[in-house]
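This document opens with one chain alone, in structure tokens, the form predicted alone.
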Amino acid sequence: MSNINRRSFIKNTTVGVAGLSIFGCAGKYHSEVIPKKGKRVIVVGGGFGGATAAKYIKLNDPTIEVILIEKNSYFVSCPISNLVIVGLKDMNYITFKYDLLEKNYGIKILQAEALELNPENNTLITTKGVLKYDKLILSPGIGFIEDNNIGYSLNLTDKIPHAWKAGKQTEILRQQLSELKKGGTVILRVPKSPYRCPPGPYERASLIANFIKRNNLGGKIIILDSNDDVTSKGKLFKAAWNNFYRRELEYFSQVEVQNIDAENMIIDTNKGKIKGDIINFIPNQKASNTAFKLGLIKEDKLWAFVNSYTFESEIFKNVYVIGDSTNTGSVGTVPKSGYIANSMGKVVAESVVSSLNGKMPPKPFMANACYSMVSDTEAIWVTAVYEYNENVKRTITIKGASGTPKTRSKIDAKHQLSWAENIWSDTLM
């Protein structure tokens, strides 16, 4: 706890103790919802990071009790959700229950939300009651930044969906696109990096341009990129746009959105006003609200700082943070992808199992692989392998262990589905 932010700690522990008192007085959460009997790890968040961590803890040491806390009764995959938006796949294809984790590995699934954390007593308060732990792993995903200065609120998402968490908004955007009129315009705003990916913004733009072309709509998609240039696989995306979508796609970089007029569907930017029939505004991102609520974020910061070797929080002992909510600077050069979250789940599983058994965890290695469709038949990819570097105390790319293809291909479109099905299986089955 040496690096603890004193103000955050006092605030958090005060809230935690107060929370116990309040819930205790109410009687509802006075006792443990699942009494702790032996070594126990609680995992909050059933995405690629959390579900993988829960599964691999049981694979490493079946004697450890693992409780996975997830507010939803099912998992919806961000990878492949762009294909759902353009009608190439349906929601059933990317939606999964958690029952196989329980059946195959004995993981206890608790559908609940984490409310408060008392790190001094290793206690977590949830909407279903109090839980005690030896180790707590948080994999809560991302949160979105609302910006009143430009008129952006998450209350607008029924009309201006971001569809950056697969689910209801994926279906809203799909419905809007299916109703796009002849000659219609779609505006897609790319957030400032770092952001969760997938779903990839440039893949989404490519597939929407392809949708417009395939259906002879005569319209276009306009990409408003907050960044200096395409942030991933840039040459490959631009080659596809130049070859396929000269009429259907326009790209602008270094765009600052100054105002959103949702009623009239107009975005005012530093490069002029643009009117759209559909606005897919993807907001800037931060750690999940759960990470803030539990006191895992340092004052004036947006992401959770962790030890890159173990993923233990820099604020609380025995509490670990993985996935999109982690601060890239403290982890290393890894992206905020589902594949990396899956890798982090395996690393943290070995870390907590080793710690509970009095051993040193092994040196962390992680891998990333990400496919992107550039049309309904062709795809591109990027891959890299990472290792912990003792000199910089961070996880960095291994020299010579990263790459992209020379060009897009149809075989990689097939590989994309195999890639997705493999990571779903590795995480949830």
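Each residue number is its position in the shown sequence, starting from 1. Quick caveat, the model's predicted, so the values are computed rather than measured.
Below, we turn to the form predicted together with a small molecule, even though it does not appear here.
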**OP:** Tell me, please, which stretch of 70-78, 222-230, 86-94, 258-266 lies within 4.5 angstroms of the small molecule in the model of the complex when heavy atoms are compared?
**Re:** 70-78
Subject >> Listed residue (Arg189, Lys346, Lys336, Lys135) with a non-hydrogen atom within 4.5 angstroms of the small molecule in the model of the complex >> reply: Lys336
**OP:** Would you please decide whether Leu217 lies within 4.5 angstroms of the small molecule in the model of the complex, comparing each non-hydrogen atom pair?
**Re:** no
Subject >> Ser351: touches the small molecule in the model of the complex, heavy atom cutoff 4.5 angstroms >> reply: no
Subject >> Touches the small molecule in the model of the complex: Gly141 (any heavy atom, 4.5 Å) >> reply: yes
Original post:
Should Tyr386 be counted as a contact of the small molecule in the model of the complex, where contact means heavy atoms within 4.5 Å?
Top reply: no
Original post:
Would you say all of Val41, Glu312 and Pro364 touch the small molecule in the model of the complex, counting a heavy atom within 4.5 Å as a touch?
Top reply: no
